[in-house]
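A lone chain, given as structure tokens: the form predicted alone.
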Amino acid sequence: MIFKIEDVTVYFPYDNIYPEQYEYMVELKRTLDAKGHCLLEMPTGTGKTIALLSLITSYRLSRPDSPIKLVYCTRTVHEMEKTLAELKVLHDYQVLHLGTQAKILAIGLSSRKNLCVNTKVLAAENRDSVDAACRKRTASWVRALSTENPNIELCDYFENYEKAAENALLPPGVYTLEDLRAFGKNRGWCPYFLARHMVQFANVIVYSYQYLLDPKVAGIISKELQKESVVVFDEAHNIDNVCIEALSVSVRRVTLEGANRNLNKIREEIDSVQLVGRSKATDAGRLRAEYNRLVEGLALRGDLSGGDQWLANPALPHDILKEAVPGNIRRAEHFVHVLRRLLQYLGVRLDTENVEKESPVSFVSSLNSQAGIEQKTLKFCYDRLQSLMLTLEITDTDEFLPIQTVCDFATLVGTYARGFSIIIEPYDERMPHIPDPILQLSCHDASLAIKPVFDRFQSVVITSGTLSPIDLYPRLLSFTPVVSRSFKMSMTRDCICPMVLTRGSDQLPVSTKFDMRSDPGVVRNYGKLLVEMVSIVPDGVVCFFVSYSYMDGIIATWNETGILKEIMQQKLVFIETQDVVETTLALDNYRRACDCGRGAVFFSVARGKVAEGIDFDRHYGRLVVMYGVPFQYTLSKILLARLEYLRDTFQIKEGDFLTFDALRQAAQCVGRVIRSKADYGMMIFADKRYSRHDKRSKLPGWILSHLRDAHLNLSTDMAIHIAREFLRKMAQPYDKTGTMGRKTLLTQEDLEKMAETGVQDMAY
């Protein structure tokens, strides 16, 4: 359908549109007009992605003189593929109506592991090894040597791509990762470097959060993006945690041992270059040329070819000093000495009996007094190491990860005085008898990593199904949104049935509070709830627990008491583990059990992989049970330091933040069950704390609007009765378009009528 929102003609590839999609587009257009940032919470399963893509691409078409670029950030590769598939449908529809003027170039960008087509490189087991295997074949010095020595193996795809030079271009169209690989194979070009090259020409780029938020990656990939870009962070309820992880580093014993080995290897390389240099002037000349370059303040050659690029500086662009590298680390051997002293100092600090916490300022001053390394020297560690690795022509970058981590740590410690803490723990509190010292540079301020994004781009859209309470995000990320809005779900029938279960059939209260969680009565009541539910709920049931250890304990107890056996008489049981392969297999078999009508139960963990990215739509999830409130581990030293920082800097109380964080995770878990309006499902919050208003009120509006007062304080038998009634009601036929003035599917005529009468809220 084609309709107008003020002066923009919107091309929407379906015959009907949900009222909330229309409202979402209206708010989005207001944001783009104001050239500001916005926060939009839209219920899951209401077509948020297609509404966003339709409006922004149509907005671009209506302003041909100032074309905007769309940068769409997702969390997983699976979400990236889904977004590009939606965009394909939309692009075909726009081209059908507008012809060639609607053609755009849209690409997905991912790591070498997901884009490489060279089978020998892909044989490496993990991402870092694939990157290193690629560099061994594409680095400029390797390719230069291959002219003298034909036995050196190169990558044909990269060679062909380099030969094509300016002609290596992608024709307009929408390219998923699979399409890029197929195009690369067909032309004989490297899809990874082709995609990287095409980023500057593409109208739509879909990639991971890290490509914008992690300075090490953003410095290479995203530095060419123009200001007139609209950046979208989808599923952004955890965006503050992503920002914090991007600027946090942890160093263990193993890291230091690895870094020492790396330094020995670098030292050998320097010596061999200097020895050979007497007979072969070019090698020693490399080190001299590097020294001169550093004197001039150029930490890197400006004309690096694609295969030589390394990660960029871990500090944010505006915090990096634009000046000459300090004299004491210009010479390669002096720099290695400085790193040796740094490693020695870190080793001494890890030999501690007690937990220590200090600010970067005091850490740097004690480092200066004990190891004689100044703050300015620390700032340049990362760039200096990068320069040295390039000068020594080292390609095994995966082997040098430990020394990179240490330099990463040094640069961040030397650059930032506020918003960070250094925490040294001699052992993990959950396993105090195993010594495992760890030194962590922990970032507490999420606004640091995202500030350059807000400053640099015209509009940033933060959107998700769970952004409640929506007023906390502007404070955490310290920005002022021009639009901040939470949308409700328009429905013809109440297809969501949330319930709060506070006690078992024996009227004993249930909760995962620390003093109650191992109570046999609570464990029994949780088990009985599931036994009763699996006997009346068809197909798939998903259960979320607060942690792996709690899930293991409760399943073991259920097994001993025979509860698990009772469950398995009704449905098969599958469990998420910390192993990705096992979990994928369990999910696959869970789906098969649901498909063949046997029915299944899936045990999972809040904050785990399944809770974040897997949909249990249709018969794969008719009921989801959230056992307990998924609070973070509150004795964690890092969490305590962050809470203290939030209290002092943003005046956010500890309790408020912890509750907000736990409830967004709970909402994320239960939201997996509804993925479209034709779907239906029940949500049980099994913990007496959910009946308190201060906890419950932090759930998203679209869940709260279906939570009736009568469902707030249930026992197991009452919940069973409500579930029976709900499932009977859902089995009745219903009108999908909506009746009695509550239209949930709008046609083109409805929209035209709304535009004439100015009635925006006919759906509610």
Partner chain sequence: MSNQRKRLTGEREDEDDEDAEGIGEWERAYVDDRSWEELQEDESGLLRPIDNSAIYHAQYRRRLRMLSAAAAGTRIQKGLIRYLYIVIDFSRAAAEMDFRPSRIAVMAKHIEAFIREFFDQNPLSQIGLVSIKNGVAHTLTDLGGSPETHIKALMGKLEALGDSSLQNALELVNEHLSQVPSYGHREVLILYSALCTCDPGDIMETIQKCKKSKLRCSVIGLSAEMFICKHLCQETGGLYSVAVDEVHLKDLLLEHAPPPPAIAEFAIANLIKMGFPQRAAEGSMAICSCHKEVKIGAGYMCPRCKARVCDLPTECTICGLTLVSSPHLARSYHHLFPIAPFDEVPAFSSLNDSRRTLGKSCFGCQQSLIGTGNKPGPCVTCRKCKHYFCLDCDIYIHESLHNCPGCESIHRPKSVSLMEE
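Numbering follows the first chain given and starts at 1. Since the model is a prediction, treat every value here as computed from it, not as a measurement.
Same protein, other form: the form predicted in complex with the partner chain, not shown, and the subject of what follows.
Using a 4.5 Å heavy atom cut-off, indicate which stretch of 587-595, 155-163, 385-393, 484-492 touches the partner chain in the predicted complex.
Single hit among the candidates: 587-595.
Which of 625, 537, 130, 439 has a heavy atom within 4.5 Å of the partner chain in the predicted complex?
Among 625, 537, 130, 439, a heavy atom within 4.5 Å of the partner chain in the predicted complex occurs only for 537.
Pick from 79, 269, 656, 532: which residue has any heavy atom within 4.5 angstroms of the partner chain in the predicted complex?
When the partner chain is considered in the predicted complex, the option within 4.5 Å is 532.
May I ask you to check whether residue 34 falls inside a 4.5 Å heavy atom distance of the partner chain in the predicted complex?
It does not: once the partner chain is placed as it appears in the predicted complex, residue 34 has no heavy atom within 4.5 Å of it.
Considering only heavy atoms, tell me if residue 451 and the partner chain come within 4.5 Å of each other in the predicted complex.
Although the partner chain is absent here, residue 451 would stay clear of it in the predicted complex, with no heavy atoms inside 4.5 Å.
Find out whether any non-hydrogen atom of residue 66 is located within 4.5 angstroms of the partner chain in the predicted complex, and reply yes or no.
Answer no; every heavy atom of residue 66 is more than 4.5 Å from the partner chain in the predicted complex.
Considering non-hydrogen atoms and a 4.5 Å limit, does the partner chain approach residue 252 in the predicted complex?
Outside the cut-off, so no.
Are there residues in 642-671 with a heavy atom within 4.5 Å of the partner chain in the predicted complex, and which are they, in order?
The stretch does not touch the partner at all.
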